[in-house]
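Read the single chain below, which is given as structure tokens and is the form predicted alone.
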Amino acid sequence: MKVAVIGGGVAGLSAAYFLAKSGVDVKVFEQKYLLYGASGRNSGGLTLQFNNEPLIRLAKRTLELYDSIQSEVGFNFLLRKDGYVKIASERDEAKLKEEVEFQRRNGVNVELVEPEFVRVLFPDINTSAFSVASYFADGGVVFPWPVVWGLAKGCRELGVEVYDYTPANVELKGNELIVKANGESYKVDYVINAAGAWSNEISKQVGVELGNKVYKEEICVTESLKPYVDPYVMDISTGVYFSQSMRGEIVGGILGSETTTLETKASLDFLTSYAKRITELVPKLRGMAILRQWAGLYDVGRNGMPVIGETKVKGFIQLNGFGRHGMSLALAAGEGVAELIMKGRSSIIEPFKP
């Protein structure tokens, strides 16, 4: 069996890794470098705090896989399970409370907590800026770069050919799928479309209408402070989020907005908006220098859900639409697609079939 994966992010590499473990001949095609897409341009937050039961199951399995895969491939993902906190102002209090009730009904060990509880976790937070919070103790942060590098290492050691700087096109000739890249043509049994923000374009090449929306999100890092912020913090009322890296940098951004252009240029508007919001939430950060800022693109399925599974074109598999939660979902989704190809079924991704 021969499989081509379009996209060298966490989802595509995960699918390739699990297929290769089953002895499948796999090729991965990445149009630029391996960290070019959303998998290399995000803040690494990990949580089960979703409003959808299938997403909770995917995230739970993904958290399990982080531990096992980094051991298998011998690569430290710099994973920290120091908690994930969502905070909300009074106007979003009812929304957050309903979310917590739903998550608890679905087996998530999440707590509804007061602002003072959050201040114990992070003494410098301005508790007057929010009225309620939810706390998932087993959530946290992973560094996206070593996840991608480690998966690529594991794939190559299993015989997967991972091509970077290699744009690929997919053609449907009769009932055959042909991938063209590097001036070569590859006849394959399956194509996995894990191209993220570019998944719409890949789908169109074989006559499949995907319709994912694309969002642009910007992030920045400050100069280093002594490490003291353990959890990942998300403010659902303002869209601001932040955590601290192991080097002491404050890594943060604002939730993305829909875009029609596939470009990753950073903006001054983001920086001024973020600085205003983050210093209201953490006054101590006033005057901190910004060392670097960047932008990334991610795609979201039509109904706000990932698009995972078979399509009308035999052998053409979708593995995209994760939104900004790819680090929490993509490992398990890749495993599920590998199971689908090998066994014709996968319980963990069944609800996502497009």
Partner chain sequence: MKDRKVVCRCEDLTEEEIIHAIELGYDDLESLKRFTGATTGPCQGKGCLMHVIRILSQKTGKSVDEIGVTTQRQPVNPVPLYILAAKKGDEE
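Keep in mind that this is a model prediction, so the values were computed, not measured. Residue numbers count along the first chain shown, from 1.
Below, we turn to the form predicted in complex with the partner chain, even though it does not appear here.
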Does the partner chain come within 4.5 Å of a heavy atom in each of D164, T272 and W294 in the model of the complex? yes
In the model of the complex, segment of 109 to 117, 124 to 132, 206 to 214, 274 to 282 with a heavy atom within 4.5 Å of the partner chain: 274 to 282
Partner proximity in the model of the complex: A94 to the partner chain, non-hydrogen atom cutoff 4.5 Å: no
Contact between A266 and the partner chain in the model of the complex at 4.5 Å, heavy atoms? yes
Is there any non-hydrogen atom of R41 lying within 4.5 Å of the partner chain in the model of the complex? yes
Is the gap between F75 and the partner chain in the model of the complex 4.5 Å or less for some heavy atom pair? yes
Sole residue of L35, M305, L65, V313 within 4.5 Å of the partner chain in the model of the complex, by heavy atom: L35
Among K187, R105, R247, K173, which has at least one heavy atom within 4.5 Å of the partner chain in the model of the complex? R247
Would you mind checking 137 to 151 for residues with a heavy atom within 4.5 Å of the partner chain in the model of the complex? W145, W149
